[in-house]
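Shown below, as structure tokens, is a lone chain in the form predicted on its own; questions about how it binds or moves come after it.
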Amino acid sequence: MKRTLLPALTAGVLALTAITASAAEPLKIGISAEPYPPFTYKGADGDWTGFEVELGLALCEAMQADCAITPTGWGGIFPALDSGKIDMIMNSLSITDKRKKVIDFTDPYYYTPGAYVAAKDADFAIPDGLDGKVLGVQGATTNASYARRALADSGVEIKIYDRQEQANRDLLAGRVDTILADKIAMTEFVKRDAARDYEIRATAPRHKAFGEGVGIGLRQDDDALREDLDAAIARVIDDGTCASLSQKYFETDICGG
């Protein structure tokens, strides 16, 4: 009897120790390792900052949870979530029906439309004058999905990029005629000295491809975490924390769905 009880007791202690150690680990907030200012980027001190970084940490404070910003390559961010390398994706991730088939989402915490950027002196209309033009867009984004679905008959050539900054650079270099990306990010982009001859030329209409707004991506069985995050999102919106951060980074309030 004692020989069977001791291993069982030892196993129980080890299991409890493992649970305690797991509970002590910080929640890992996955962001793209490729900067996406002003949402996520490295500050002068080398630390990650930006609207979503600060908001993510505010959500953790509201939940009284320890969290760690965990940069992950955009191309591998969904597998990283599935494997447990990160606990959530907080990187301007639009809530779409396609994505909901493989991951879960919190309530939305912001919504902005897609925007087209082109040279100020460009002699074509957007979107009606895109025939024969080249459009740059980041792959695996709602903007790419929208371009494929809504612009299929426009005659535009769609060029896909791994990172938004690649598309931005090709626009400035004249290798594409226009780019389509999140309006807030593009508002910041055209403020750069290098982009002084470029402007937002049009805004994409609300479309099913853009989903319901931006939420935090989670594993489908993380119901408790989703409920905690939903409550925290409601709190930071209601108490003005989200609006304050939005004003800091965008000079407008984008919070909510």
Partner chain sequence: MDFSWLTDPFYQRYLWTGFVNTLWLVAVSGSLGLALAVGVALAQIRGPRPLALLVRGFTTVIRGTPLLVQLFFFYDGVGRLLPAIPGVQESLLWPLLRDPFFYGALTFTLSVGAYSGEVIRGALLSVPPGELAAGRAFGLSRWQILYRLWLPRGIQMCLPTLTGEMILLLKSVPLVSTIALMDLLKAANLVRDETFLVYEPLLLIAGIYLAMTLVLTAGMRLVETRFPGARPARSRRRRLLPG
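Since this is a predicted model, take the numbers as computed values, not measurements. Positions refer to the first chain, counted from 1.
The discussion below concerns the form predicted together with its partner chain, not included here.
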Triple contact flag 208, 234 and 243 to its partner chain in the predicted bound form, non-hydrogen atom at 4.5 angstroms
no
Any chance residue 174 has a heavy atom within 4.5 Å of its partner chain in the predicted bound form?
yes
Please determine whether residue 120 contacts its partner chain in the predicted bound form, using a 4.5 Å cut-off between heavy atoms.
no
Is residue 116 close enough to touch its partner chain in the predicted bound form, meaning at least one heavy atom pair within 4.5 Å?
no
With a cut-off of 4.5 Å between heavy atoms, is residue 183 one of the residues that contacts its partner chain in the predicted bound form?
no
Within 47 to 75, which residues have a heavy atom closer than or equal to 4.5 Å from its partner chain in the predicted bound form?
75
